[in-house]
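Presented as structure tokens, the chain that follows is alone, the form predicted on its own.
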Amino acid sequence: MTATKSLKSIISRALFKRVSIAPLIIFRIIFGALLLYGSVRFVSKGWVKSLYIDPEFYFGYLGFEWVHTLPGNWMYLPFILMIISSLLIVFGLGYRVAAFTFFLSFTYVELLDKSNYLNHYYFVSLMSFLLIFLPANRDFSLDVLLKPSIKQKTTAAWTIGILKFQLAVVYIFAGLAKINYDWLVRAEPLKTWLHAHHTRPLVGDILRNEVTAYVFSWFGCIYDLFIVFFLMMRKTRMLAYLAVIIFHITTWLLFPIGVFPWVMIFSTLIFFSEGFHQKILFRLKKMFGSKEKKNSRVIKHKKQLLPKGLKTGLITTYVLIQLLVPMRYILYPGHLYWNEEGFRFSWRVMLMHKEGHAVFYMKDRKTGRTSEINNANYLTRTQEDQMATQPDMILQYASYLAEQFDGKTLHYGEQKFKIENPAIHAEIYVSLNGRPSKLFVDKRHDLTQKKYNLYHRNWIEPYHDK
């Protein structure tokens, strides 16, 4: 009991000791600005229309199929809310409501269609969720200007530590995931992706060289595994941050991954010292004419709404979820990158290049007549490419096709056939990381009879690396 109490006391002191609030304030401003830029960029690129208005069908997440798009141009509404709320986060006005609004709007959009899933979208959802609970408006904010009594110079250590933890999870799990045969021994999929840039002036010959792919692969693995530890140490921090800049700008130049590199470049500033952030905050205040009153009295902290014990429990629960969710793949048999069971939300960044060719068939159970389906009539190009290699999306699409054909009358010359409760079959071939295409789904399966759940999908052909 004594040892347990001692451990609880150590954890409590580590979580709730008072530290400078400056890192949290700077993070709010920078991250909010990145959210603003990303939201405006998404709208300006025309992606709202192409991804959330034009498609006929959307691949919802398991358990969230009830989340639907808004009708027509109303789909711009959540993006308008993102732009407004991210701007309010930057200036710290109505901060808590703004953070909640951004999280809700952003996560709503991400839940609409898993064919648009990206690790960095998941990361933004998590970080915006955390911002709701952090006192990142307690200094240098319009909230403080309107209500000076909320101003704080210090905050509980956990409010900054949880952000560092989330960044560490992304990097370390991404590094662990790179310890696999394809990445380290075959240098795939980087070898394939880098070769695609062989026509670039000056660097084309370098990028198509196999040695370059191996250097990038091994450096990427080592970087992800250890960069957080080097950022945490004062002596190696500046060199580590230089590596962060070089690494993410390189990936930004070579691969179409949007604003994610910039999010990581600026987010990792949270690992810098309190003094570093205090200097930035002081300069910002000076720039905007905000002056600190000399000998200003320290405001006594108000009684917390939640007791420390409950806060500790909630923080621990969040930490455990973030550690366990990426590990759920171990519950499934077979090849992870082939079956993709437990693949999403596990920080497996740029580890896989899959290409699939999927042909679907509708079979009338009464007559046995079979018709080939043109996927382009129902899916966008992006949706079709993603669906062809992901088992859960294959099932969702098959279910959708069955609904579309059920009760429909088809014409074969002068004959008419009313389809009732059709069977849906598919023959799908997939190539993984540059290997020859292999059978992924056999045509013998009626996909309408397969359940969409979290259980292992034994109707996927076994993976054989031969």
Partner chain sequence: MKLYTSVSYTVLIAIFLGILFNSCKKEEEEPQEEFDKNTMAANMSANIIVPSINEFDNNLSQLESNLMAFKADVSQQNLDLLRNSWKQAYITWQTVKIFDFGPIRNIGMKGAIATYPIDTTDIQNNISSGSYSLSTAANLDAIGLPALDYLLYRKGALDSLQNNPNCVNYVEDVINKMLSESNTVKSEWSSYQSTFNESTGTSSTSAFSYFINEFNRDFELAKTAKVGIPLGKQSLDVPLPEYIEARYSGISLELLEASLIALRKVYNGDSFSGSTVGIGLDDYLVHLERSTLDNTIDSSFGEMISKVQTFNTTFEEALDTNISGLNELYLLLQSHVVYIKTDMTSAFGVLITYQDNDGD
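Positions refer to the first chain, counted from 1. Note that the coordinates shown come from a computational prediction; the quantities given were computed from them, not determined experimentally.
One more form of this protein, predicted together with the partner chain, exists but is not displayed; see below.
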- Item | Interface segment, criterion being heavy atoms within 4.5 Å of the partner chain in the model of the complex, picked from 81-89, 141-149, 340-348, 316-324 | 340-348
- Query: Among 369, 335, 153, 164, which has any heavy atom within 4.5 Å of the partner chain in the model of the complex?
  - Reply: 369
- Item | Answer option from 266, 378, 272, 121, heavy atom within 4.5 Å of the partner chain in the model of the complex | 121
- So in the model of the complex, are 158, 392 and 449 all sitting within 4.5 Å of the partner chain, heavy atoms only? no
- Query: Would residue 44 count as a contact of the partner chain in the model of the complex, using a 4.5 angstroms cut-off between non-hydrogen atoms?
  - Reply: no
- Message: Although the partner isn't part of this model, could you tell me whether residue 73 comes within 4.5 Å of the partner chain in the model of the complex, counting any heavy atom of the residue?
- Response: no
- Answer with yes or no whether residue 429 is in contact with the partner chain in the model of the complex, where contact means some heavy atom within 4.5 Å. yes
- Item | residue 385: touches the partner chain in the model of the complex, heavy atom cutoff 4.5 angstroms | yes
- Task: Scan 167-202 and write down, in order along the chain, each residue with a heavy atom lying within 4.5 Å of the partner chain in the model of the complex.
- Result: 185, 191, 192, 193, 195, 196, 197, 198, 199
